[in-house]
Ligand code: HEM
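Shown next as structure tokens: one chain only, the form predicted alone.
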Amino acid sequence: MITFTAIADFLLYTVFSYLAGSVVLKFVPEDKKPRISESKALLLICVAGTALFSLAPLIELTVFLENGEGWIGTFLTVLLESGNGHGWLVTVALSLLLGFAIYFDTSKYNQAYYLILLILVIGYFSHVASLSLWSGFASHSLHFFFMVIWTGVLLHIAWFSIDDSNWARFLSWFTPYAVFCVAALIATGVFIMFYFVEPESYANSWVLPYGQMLLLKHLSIIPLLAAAFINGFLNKGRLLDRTWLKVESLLLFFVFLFTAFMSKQAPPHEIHHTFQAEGAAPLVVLLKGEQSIPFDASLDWSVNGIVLFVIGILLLSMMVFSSYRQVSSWLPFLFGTGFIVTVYIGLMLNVSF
């Protein structure tokens, strides 16, 4: 079920980003963005996906609670008597309103209103909000908001722009816009992380499945930021080249995927207790062997680990240098992916618990 709900979350982030990008670009004058091919049918599919993919946690809870009493009866109980169920009902209602707004071409303000309400619903029923209602609600809502309005515009321009008109004018506002969104994402992300992992326990949390996904998420952000830097600054004086925008969006999907799987793991509020309940992450067992309490993460340099670090830095450098050449989008994407893999394994080989 973890894989099922994590993939559902990944798809939820994707469709929500597409919807947010569509709404944001409606507020941008035509002479400050490339021409974009947008399908109303695809927008409505994404609206339906918002309701459908957010149903996954209810299905997971139903499967967990069902005890021979019938799946439908258990599902209705979860739907009508749990906070997650109430949140999904509100999500469905707002999704219908947003779908009608898109179908009947109502004003951009109307569509933005329903989209923001959906974001607030996601923030209100988030895990962090259950720990600290108002600060958790605010931080998660802001984090999700900045994520989708940045990634949504990126997805539209990377995959659905049909010419290079107004490219310089587009970058003149999108570059500072993206920088601000990324800064806000990092700030709110760190704030949320401290609800689950104390700073001094960050390395120790890598023993756990949650900590592994958190580490992979952080590593995947590095090549993503490199691609964003290339698009925003190194390619600023050139014509529109969707190659690098596609690279950035593909690397973004890694962040979505690791975030989705991380959110389904038990948070390490108290690492040793979580370890007793969950055990070590499979990747830790594979690379480091079985682990036992107590553990204290520390650097333990190895030749293989150092070599992998060096390879990772070289791959990231090659990714940046390839922006000066006409290359297939797959090549810098593979460089970025290789950086994540090699630095992750190198770090695991250089850490002892």
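Just so it is clear, the model here is predicted, and its values are computed rather than measured. Numbering starts at 1 and runs along the sequence shown.
Below, we turn to the form predicted in complex with the named molecule, even though it does not appear here.
Which of 120, 250, 149, 192 has a heavy atom within 4.5 Å of the named molecule in the predicted bound form? It is 192 that has a heavy atom within 4.5 Å of the partner.
Which listed residue (167, 196, 275, 88) meets the criterion of a heavy atom within 4.5 Å of the named molecule in the predicted bound form? It is 196.
233, 246 and 320: each with a heavy atom within 4.5 Å of the named molecule in the predicted bound form? No: no residue has a heavy atom within 4.5 Å of the partner.
Please name which of the stretches 110 to 118, 211 to 219, 278 to 286, 69 to 77 has residues with heavy atoms lying within 4.5 Å of the named molecule in the predicted bound form. Stretch 211 to 219 is the one.
May I ask you to state whether residue 259 is within 4.5 Å of the named molecule in the predicted bound form, using heavy atom distances? Heavy-atom contact with the named molecule at 4.5 Å: present for residue 259.
With the partner left out of view, is residue 127 within 4.5 angstroms of the named molecule in the predicted bound form by any non-hydrogen atom? The answer is yes: residue 127 has a heavy atom within 4.5 Å of the named molecule.
Classify residue 13 as contacting or not contacting the named molecule in the predicted bound form by the rule of any non-hydrogen atom within 4.5 angstroms, answering yes or no. Answer yes; at least one heavy atom of residue 13 falls within 4.5 Å of the named molecule in the predicted bound form.
Is residue 174 close enough to the named molecule in the predicted bound form to count, meaning some heavy atom within 4.5 Å? Answer no; every heavy atom of residue 174 is more than 4.5 Å from the named molecule in the predicted bound form.
Determine the residues of 126 to 146 with a heavy atom within 4.5 Å of the named molecule in the predicted bound form and present them in sequence order; the list may be empty. 127, 140, 143, 144 sit within 4.5 Å of the partner.
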